[in-house]
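Consider the single chain below, provided in structure tokens and representing the form predicted on its own.
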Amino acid sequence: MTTAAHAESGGLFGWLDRSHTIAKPGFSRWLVPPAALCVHLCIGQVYAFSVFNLPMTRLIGITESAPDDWRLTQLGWIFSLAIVFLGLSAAFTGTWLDRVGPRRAMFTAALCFGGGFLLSALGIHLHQLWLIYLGYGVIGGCGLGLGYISPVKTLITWFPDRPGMATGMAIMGFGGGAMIASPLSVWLMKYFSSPTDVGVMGTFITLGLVYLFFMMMGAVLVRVPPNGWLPEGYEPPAQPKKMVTTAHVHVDEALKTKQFYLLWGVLCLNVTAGIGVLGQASAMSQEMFPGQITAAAAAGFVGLLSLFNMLGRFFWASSSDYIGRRNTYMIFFALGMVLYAIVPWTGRIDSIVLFVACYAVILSMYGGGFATIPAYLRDVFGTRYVGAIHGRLLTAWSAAGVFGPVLVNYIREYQINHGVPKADAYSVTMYIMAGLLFIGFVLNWLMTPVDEKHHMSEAELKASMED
């Protein structure tokens, strides 16, 4: 251990050092997924942030917007900033995370995400929007990215026999976090509201402290296995599958391989197809079936999609342990193409049941894509730097967060402005989404094992473990 590492391991924050997180004999690996869930269920709140948008347009006017109140267009940037900084922080802190371990990373994520809420509460109190951009958007966004990637490598190392299932359990929490946060936030705003207050500031303070506590619990619980540890009774396959390597690729070397960019495209296209629909699900369902789907029913539809988004993360990631990661994505793209092409037809035949069924499966594969990609990276690049490589790859999410909504919103607007009925305005978008999934299918089909010249030597691997 280096002198710096020795210094890190002492003092007030010594318990955060990687050396203090190595599991002792008899530790159950099944305690690690709950630690990861403590973090992912909290940061999954980002998908529910929209519940604050309308109340935040009435901070001064209370019952209706006053001239000095913020506009929805201004508030929309809070979520966008959070997603952008999620991607950036995941990309730039991955190597640091591999060096310091999951506990210090989870601790930092907790401070950023919880602290972001508290700073945003101050922004509400002072009515300074830039403080909310900084608090939730930038600092909270960094907490999102760091919290998202922090348990991934640890779970893969603890579950070499079921890496898809392990990461699926944690990332399922990110999909399900909004299902807890949305009703909780509404209830808290009602609790803190008064004739002179819409209740947002008190809700932000409460959520900040609650999330800080539970994410800290995750940091305390998490453990890493000793070097060379394997589950009892598990024997690594003597002959690995074609797309599964036993070697390791350095994070910087991974960026020189075609496989990294193929997987970047695979994730970006899968997410683009899902995220645009997720953001417009309520409006789309009401416009495609006017007079049949009410606003309340549309809200139920959105909730159902969130449920399938969450369950799909566990189902598809676990299934990939048996059918392979490449084959799983082949299903995502092939089945997704068919379903997107069918959606306009469901509107023409007036079948709400078929419409809902198509989107339930589509959103399950959207969530499944997020949960399966860490195990795919582990198969292709090995385990040593999988956390850092996963962080770099998540920039595809940031890009898709722009592409998806833009495609759905602007094409719809163009269609309506040119006289297309609202019920038919999404048809072209759905066909374009099917086309994007075809490109994703081709990119995934082109995936091959990484050339051996990119593999780390035994000496390089040993030196990296001593850093």
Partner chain sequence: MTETSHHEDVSAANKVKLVLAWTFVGIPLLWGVFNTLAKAALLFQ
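Keep in mind the model is a prediction, meaning the values are calculated, not measured. Numbering follows the first chain given and starts at 1.
Heads up, the form predicted together with the partner chain isn't pictured, but that's what we're talking about next.
Q: So the partner chain isn't shown here. In the predicted bound form, which residue out of 380, 169, 365, 388 has a non-hydrogen atom within 4.5 Å of it?
A: It is 169.
Q: Looking at 96, 229, 77, 192, which is the one with a non-hydrogen atom within 4.5 Å of the partner chain in the predicted bound form?
A: Among 96, 229, 77, 192, a heavy atom within 4.5 Å of the partner chain in the predicted bound form occurs only for 229.
Q: Can you pick the stretch from 173 to 181, 336 to 344, 245 to 253, 105 to 113 whose heavy atoms fall within 4.5 Å of the partner chain in the predicted bound form?
A: Selected stretch: 173 to 181.
Q: Taking the partner chain as it sits in the predicted bound form, is residue 28 near enough to touch it, meaning that at least one heavy atom pair lies within 4.5 angstroms?
A: Looking in the predicted bound form, residue contacts with the partner chain include residue 28, since a heavy atom lies within 4.5 Å.
Q: Within a 4.5 Å heavy atom cut-off, is residue 453 in contact with the partner chain in the predicted bound form?
A: Taking the distances in the predicted bound form, the answer for residue 453 is no, it never comes within 4.5 Å of the partner chain.
Q: In the predicted bound form, does residue 356 come within 4.5 Å of the partner chain, counting heavy atoms only?
A: Output for residue 356 is yes: heavy atoms within 4.5 Å of the partner chain.
Q: Just checking whether residue 199 would be counted as a contact of the partner chain in the predicted bound form - the rule being heavy atoms within 4.5 angstroms.
A: The answer is no: residue 199 has no heavy atom within 4.5 Å of the partner chain.
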